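Given as structure tokens, the chain that follows is alone and in the form predicted on its own.
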Amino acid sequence: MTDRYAVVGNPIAHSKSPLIHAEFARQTGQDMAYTAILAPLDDFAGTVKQFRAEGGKGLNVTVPFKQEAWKLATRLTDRARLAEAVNTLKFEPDGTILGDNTDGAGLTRDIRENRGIPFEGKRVLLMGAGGAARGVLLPLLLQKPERLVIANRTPEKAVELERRFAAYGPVEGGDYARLAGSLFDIGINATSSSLSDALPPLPQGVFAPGALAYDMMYGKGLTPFLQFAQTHGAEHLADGLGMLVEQAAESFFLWRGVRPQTSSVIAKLKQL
């Protein structure tokens, strides 16, 4: 029998996940079907319950349900527990609902493997202190950067993340003004500013020679953050399309025990 998986969100029609997982299933020979489900804003739990009752094996979860999925899971990976957000649910035979967050693994893998840029010993700037930032912090710190600075318009939120993750590596939190005079090898925009064609309030001169600027958003052309980075010294520019595919591959591996090849899928999405 074909195993059923899906992505759940609201809205969901824009999701590329069904295309991505169809490619993964085809290349790995997995007998599975993957669809998109629009869940009512007030009944995420009911949507999950119905999907399980119909034989569903696992779900990807997107906005605005990642925190609800975190609460619904009966067992959490460390990265999901610390992020307080879940983007992958796996329904175990014993009734356990395993919650994971694959965003950070997708981000670090895209930068390290696809871009060929290691984190070890690098100075990393993470912009934003919301769910997107929380979801990638532990995987980033496990890459052993020399320094990881969280900058946020509301500095108290960044300082709170510093306290929460201090045991896992050299992390600092504060506002954007304190970045003046610092240089970073990798700058990651985890804010939603690009959705509104806005720019985080970065001071000039934060990009070190050879730096990578990475925007977790993706779309046609350069985001305002990447445009700023290009004109202020960043040598490498990347959007979040590779992260999207790599986090999906991490979910696929969790469900099926097979790691799909991602470069051809990334190339296909870029063509589309």
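Residues carry their position along the shown sequence, with the first being 1. Everything numeric here is computed off the predicted structure, so don't read it as measured data.
Note that the form predicted together with a small molecule isn't included here; everything after this is about it.
Asks: Looking at 151-159, 99-107, 177-185, 112-120, which lies within 4.5 angstroms of the small molecule in the model of the complex, counting heavy atoms?
Replies: After filtering at 4.5 Å, what remains is 151-159.
Asks: Is the small molecule in the model of the complex close enough to 9, 18 and 35 that every residue in that trio has a heavy atom within 4.5 angstroms of it?
Replies: Verified in the model of the complex; spot residues all out of contact, no.
Asks: Considering non-hydrogen atoms and a 4.5 Å limit, which listed residue (132, 73, 124, 141) is close to the small molecule in the model of the complex?
Replies: Looking at 132, 73, 124, 141 one by one, just 132 meets the 4.5 Å heavy-atom criterion.
Asks: Taking 4.5 angstroms as the cut-off for heavy atoms, does residue 95 touch the small molecule in the model of the complex?
Replies: Result no; residue 95 lies far from the small molecule in the model of the complex.
Asks: Under a 4.5 Å heavy atom criterion, is residue 173 part of the interface with the small molecule in the model of the complex?
Replies: Residue 173 lies outside the contact set for the small molecule.
Asks: Classify residue 167 as contacting or not contacting the small molecule in the model of the complex by the rule of any non-hydrogen atom within 4.5 angstroms, answering yes or no.
Replies: It does not: once the small molecule is placed as it appears in the model of the complex, residue 167 has no heavy atom within 4.5 Å of it.
Asks: Is there a heavy atom of residue 89 no more than 4.5 Å from a heavy atom of the small molecule in the model of the complex?
Replies: Result no; residue 89 lies far from the small molecule in the model of the complex.
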